[in-house]
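Next up: just one chain, as structure tokens, the form predicted alone.
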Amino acid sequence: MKRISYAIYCALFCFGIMSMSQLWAAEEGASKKSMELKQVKGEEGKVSTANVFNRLLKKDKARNLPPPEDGVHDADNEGTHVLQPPLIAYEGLPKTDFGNYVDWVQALQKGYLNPRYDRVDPTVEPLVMDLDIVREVKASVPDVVFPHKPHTQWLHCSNCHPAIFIPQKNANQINMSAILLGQKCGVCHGKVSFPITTLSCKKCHSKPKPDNWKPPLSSASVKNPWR
């Protein structure tokens, strides 16, 4: 019995040493990992790569730069240097706080701009459609009002229908994720029209909810209401 007890004691002692060594190794590994993380954070120093997929969340260092400096036009082309700089071209137009700082809808309404409807024939009259589409939003934010008038003053119907939007009620599934990824409204907004920012939310979400509005129930809640 004493030999057995001694054997058990030795086994437990060795097991204890192994456990302690494993614990020390784990602690040492954790400390090394934390040091590596600190080094990585110190080297990077920023988290700007978190949303590199989303062009609408990127903030430009400067806006309305001259064509040779805007990163879009070819600076080596002599014709680029002949183009009028935006700051000069936009002078006198109504201002806004986002995008390129020009309120293009106000510019149209006040008669500062008169877009040509046909590239070749300047006498072609535009087909302006004065129709507002209201899209009800399930969340508590105001509903979206889409005005056809300012869009059709700039664009022909075929620019949007039917490739981007099917001209049929309830045929288009639109959400902010798709827009931010450059789909649906995001095909133009953020590229050639005002971007989707916290400052521009009310441009689209402009119709307040009625006083008796309540959030809609899901189909699961309707079938099995929680008591």
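So that there is no doubt, residue numbering starts at 1 and follows the sequence shown. Rigid core (definition): largest C-alpha set, two forms, superposition within 1.5 Å. Note that this is a predicted model, so its numbers are computed, not measured.
Just so it is clear, the following notes concern the form predicted together with a small molecule, a form of the same protein that is not shown.
> Test of understanding: in the predicted complex, would H156 fall inside 4.5 Å of the small molecule by heavy atoms?
Output for H156 is yes: heavy atoms within 4.5 Å of the small molecule.
> With a cut-off of 4.5 Å between heavy atoms, is K95 one of the residues that contacts the small molecule in the predicted complex?
Looking in the predicted complex, residue contacts with the small molecule do not include K95, since no heavy atom lies within 4.5 Å.
> Can you tell me if E136 lies within 4.5 angstroms of the small molecule in the predicted complex, counting non-hydrogen atoms only?
The answer is yes: E136 has a heavy atom within 4.5 Å of the small molecule.
> Even though the small molecule is not shown here, does Y90 get within 4.5 Å of it in the predicted complex, heavy atoms only?
Flag for Y90 set to no.
> Answer with one of L113, V124, M129, A75: the residue that has a non-hydrogen atom within 4.5 Å of the small molecule in the predicted complex.
Exactly one residue meets the criterion: M129.
> Compare the position of the CA of G182 between the shown form and the other one after a rigid core fit and state whether the shift reaches 2 Å.
Stays below the 2 Å threshold, so no.
> Can we say the CA of P195 moves by at least 2 Å between the shown form and the other one when the core is superposed?
Comparing forms between the shown form and the other one, the P195 CA shifts below 2 Å.
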